[in-house]
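Let's start with one chain on its own, the form predicted on its own, as structure tokens.
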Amino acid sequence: MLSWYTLALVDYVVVGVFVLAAMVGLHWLLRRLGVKREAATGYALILPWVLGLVIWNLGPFLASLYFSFTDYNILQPPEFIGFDNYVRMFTDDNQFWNVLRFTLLYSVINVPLGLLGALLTATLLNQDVRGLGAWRTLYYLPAVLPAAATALLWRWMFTENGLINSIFGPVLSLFGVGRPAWFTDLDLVLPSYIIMGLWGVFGANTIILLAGLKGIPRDLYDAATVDGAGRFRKYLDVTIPMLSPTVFYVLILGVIGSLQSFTVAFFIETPRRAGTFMNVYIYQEAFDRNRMGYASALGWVMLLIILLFTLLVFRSSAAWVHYEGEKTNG
């Protein structure tokens, strides 16, 4: 164990020395080229981030594109096979369509429910009530709790004798219904994930929307009061339009995050026929079945799907997103 630790420590030191030498070298080179000292120092200081972006992000990104056109299992060199992975995906892999349907259904249901829940929660937290700071801290906790620990907690809660069935079991028994098998019943797997997804209502999204509510000018509400608008009309005609840019931002994050769901499904075993999330399927193909080439192709298709949905949200924003001071035609 000590030897492994020593090797890792030596690797860190070597990389650190290399990066430091590259920073000093870049600074010296820029100064020789006539760049001002302040600018040269700035470029040298951002060099570690640039190296990280190129080596750990851009490099694997381009490598995965190449691997998607190969038959690659890690143990042997990749063999170029053209578009065979993509042809197989859309014609021979029935599991792909099942997983895609599951992921899209989850996103279509979870994103609107999560956005509506976060908006209502932020509205409640925007009221002047006693102990407001404590309530805001409590509702923000889901954003800082470890995702793996949360997934394990949900798994326990949905077991046959878990908290969910213990609470609702007596009520269901009055109607002659037994305790649901949440993770083994094919019809309940997706609803189980949707219920767990509502946990995301609280946390970062609520805080972002709360910040948007705090940024709405009070003068607009005063003007609406003068015009005779009630509380409900103020919310529809003032709050929602002025909050729409923030809602748009949260919606984009929600769509991307929902389509990339992974942690909860990774820690919860469900029947294969019920489907799973695309990211989990990619992981299974890559690391359980050693089909790195096919997993890379799945990853690129998933990227295109996320880009498509994001583009649709952007294209729709012109109809419902309003910015303060924005000029309209007419």
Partner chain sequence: MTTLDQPQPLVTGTASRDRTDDRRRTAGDTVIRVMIYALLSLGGAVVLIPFFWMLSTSFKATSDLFNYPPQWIPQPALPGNYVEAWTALPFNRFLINTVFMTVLAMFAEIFTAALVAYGFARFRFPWRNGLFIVLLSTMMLPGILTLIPKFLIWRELDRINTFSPMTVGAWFAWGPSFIFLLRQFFLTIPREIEEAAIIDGASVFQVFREIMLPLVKPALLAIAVLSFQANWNNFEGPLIYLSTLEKYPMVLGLQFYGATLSNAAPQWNYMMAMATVMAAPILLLFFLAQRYFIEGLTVGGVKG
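Residue numbers count along the first chain shown, from 1. In this text, all values refer to a predicted model and were calculated from it rather than measured experimentally. Rigid core (definition): largest C-alpha set, two forms, superposition within 1.5 Å.
Beyond the structure shown, there is the form predicted together with its partner chain, which is absent from this document and is the topic of what follows.
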### Query
Which among 224-232, 91-99, 184-192, 108-116 is in contact with its partner chain in the predicted complex, heavy atoms within 4.5 angstroms?
224-232
### Message
When the contact criterion is heavy atoms within 4.5 Å, does residue 274 count as touching its partner chain in the predicted complex?
### Response
no
### Message
Quick check on residue 33: any heavy atom within 4.5 Å of its partner chain in the predicted complex?
### Response
no
### Query
Using heavy atoms and a 4.5 Å limit, would one call residue 258 a contact residue for its partner chain in the predicted complex?
no
### Residue contact check: residue 320 to its partner chain in the predicted complex, 4.5 Å heavy atom
no
#### Entry: Neighbours of its partner chain in the predicted complex among 297-315 [non-hydrogen atom within 4.5 angstroms]
299, 300, 303, 306, 307, 310
### Query
residue 249: CA shift of at least 2 Å between the shown form and the other one after core fit?
no
### Task
Classify residue 103 as shifted (yes) or not shifted (no) between the shown form and the other one, where shifted means its C-alpha moves by 2 Å or more with the rigid core superposed.
no
### Message
When the rigid core is used for the superposition, does residue 201 move between the shown form and the other one (threshold: C-alpha shift of 2 Å or more)?
### Response
yes
